[in-house]
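Shown below, as structure tokens, is a lone chain in the form predicted on its own; questions about how it binds or moves come after it.
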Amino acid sequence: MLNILDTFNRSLSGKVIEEKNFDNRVLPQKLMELAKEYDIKYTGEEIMPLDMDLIDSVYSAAIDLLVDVGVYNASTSRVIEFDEKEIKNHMATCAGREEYGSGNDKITLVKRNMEDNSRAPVVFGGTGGGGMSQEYIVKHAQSIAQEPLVKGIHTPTLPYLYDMDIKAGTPIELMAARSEIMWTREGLYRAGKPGFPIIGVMSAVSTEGQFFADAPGALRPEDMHTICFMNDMKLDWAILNKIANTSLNNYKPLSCMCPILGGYTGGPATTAIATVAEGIYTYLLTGSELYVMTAPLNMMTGEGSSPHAVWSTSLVMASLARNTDLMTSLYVFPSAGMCTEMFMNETAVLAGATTVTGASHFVGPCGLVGAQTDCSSGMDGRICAEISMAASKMSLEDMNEFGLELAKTYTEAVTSGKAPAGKKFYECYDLKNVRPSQEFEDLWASSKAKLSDMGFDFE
């Protein structure tokens, strides 16, 4: 990764551009030029990228985008510039593996390739940043850690603390950040998994709030420290401060993006180019071996599981898998709520498609696009893990056929805002014993039988 002082100096010496000019003209115009030059377009006929030349062209276009446009520092109104040689030299240093967690629960994450049937993606359960009430957070963590197929946890956001609102930049934000991790660790301890790797922190947005979670009994150096980048192709001093915190304290970084369809990066093809470029520069700046992203979320409907979003997501994963050793991860966010058949079908398409295109890791799934409170459980991680194991045996062509057919069952609902709300954690779990309800178990058994009939080979 680049030295933090180098990034700092480039933030002060790059060319000056007005932010709205960068957003509205520089970035969209270059993306359209590159899509035309490399003939990158979404036809609507496939849900998986089947053309290897197209996949490689997206990577080439992403490097061109990074060289021509750079990364915008909104704090200085200047562009952090890169040249092609240093980009390629830095990407060649990706190790393609990383260790997380500690003791008996330590895991080694290894990069997967397209159509890689040697291993399935590793699944971390959790909300992916969605809310979990204070009274359920310990048992929620326990429900995840006691699932044998789930190997880590993504912490939730606390919507309040001791019945008080959490305000950024105040003492209660600091307390919420540390409580989020400490209560999660209490749940891991109850499940007998004290060294389970953790992704956090979610309950603080300020740098001081996030840094306060790094403490004995809270976030450890071997856990994954989230560094969420700004849309699109931008950062600020707060993000660079978080990078300094992980790099200079020897903490494990985790870079993440939430691309938007229909915004400054345009449609599925141009958004894929930008999202690959973002994966490249987040590695250069943070050194994170794992790049985690959501599917591009439609800015009008908020969903990310319809065929054009899945195609764009899969194209990003495929492009990075074929051209780099950077590991990729997906926040699996169905539009439907937990404990519904539609939730399971959306998960099968999102996790299935990206398993085949080389994802190494998943977070979730979390229903209602992770936007509501108490909508996650350990059972969700089990479902995602079983789906990814089955999908790892499939070819691109078979997954394309499967995905197109299964997406028909929910696309109209997710694009019209009619996805079912499903159930809350406390409605589909026996909280005394921290076990999924019989209804939840039976629903997954029924859905799994239907998915088997369509081509999934469950173990």
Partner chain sequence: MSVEDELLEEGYTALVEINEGKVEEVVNEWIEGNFDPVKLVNKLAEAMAEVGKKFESMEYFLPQVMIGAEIMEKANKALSDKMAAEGVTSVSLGTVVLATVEGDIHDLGKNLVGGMLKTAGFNVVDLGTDVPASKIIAAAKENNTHLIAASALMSATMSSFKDILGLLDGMGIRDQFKLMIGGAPITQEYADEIGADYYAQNAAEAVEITKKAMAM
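Numbering follows the first chain given and starts at 1. Just so you know, these numbers come straight off a predicted model, no measurement behind them.
Keep in mind that the form predicted in complex with the partner chain is not shown, yet the notes after this line are about it.
*Asks:* Would you confirm whether the three residues L174, L240 and Y283 all fall within 4.5 Å of the partner chain in the predicted bound form, going by non-hydrogen atoms?
*Replies:* No, none of the three is in contact.
*Asks:* Any idea which of 76-84, 137-145, 225-233, 272-280 reaches within 4.5 Å of the partner chain in the predicted bound form, heavy atoms considered?
*Replies:* Selected stretch: 225-233.
*Asks:* I'd like to know if L261 sits close to the partner chain in the predicted bound form, meaning any non-hydrogen atom pair within 4.5 angstroms.
*Replies:* Judged by the heavy-atom cut-off of 4.5 Å, L261 is in contact with the partner chain in the predicted bound form.
*Asks:* I'd like to know whether T184 contacts the partner chain in the predicted bound form, with contact meaning heavy atoms within 4.5 angstroms.
*Replies:* Judged by the heavy-atom cut-off of 4.5 Å, T184 is well away from the partner chain in the predicted bound form.
*Asks:* Give a yes/no on whether S203 approaches the partner chain to within 4.5 Å in the predicted bound form, heavy atoms considered.
*Replies:* S203: contacts the partner chain in the predicted bound form.
*Asks:* Please run the contact check for K15 against the partner chain in the predicted bound form: heavy atoms, 4.5 angstroms, yes or no?
*Replies:* No, K15 stays farther than 4.5 Å from the partner chain in the predicted bound form.
*Asks:* So which of H90, H308, R322, R190 reaches within 4.5 angstroms of the partner chain in the predicted bound form, heavy atom to heavy atom?
*Replies:* The option sitting close enough to the partner is H308.
*Asks:* Given that the partner chain is left out here, which of T340, Q372, S133, N245 has a heavy atom within 4.5 Å of it in the predicted bound form?
*Replies:* That would be Q372.
*Asks:* Need the contact residues for 281-300: heavy atom within 4.5 Å of the partner chain in the predicted bound form, sequence order, or none if there are none.
*Replies:* If the 4.5 Å heavy-atom criterion is applied to the partner chain in the predicted bound form, 281-300 yields N298, M299, M300.
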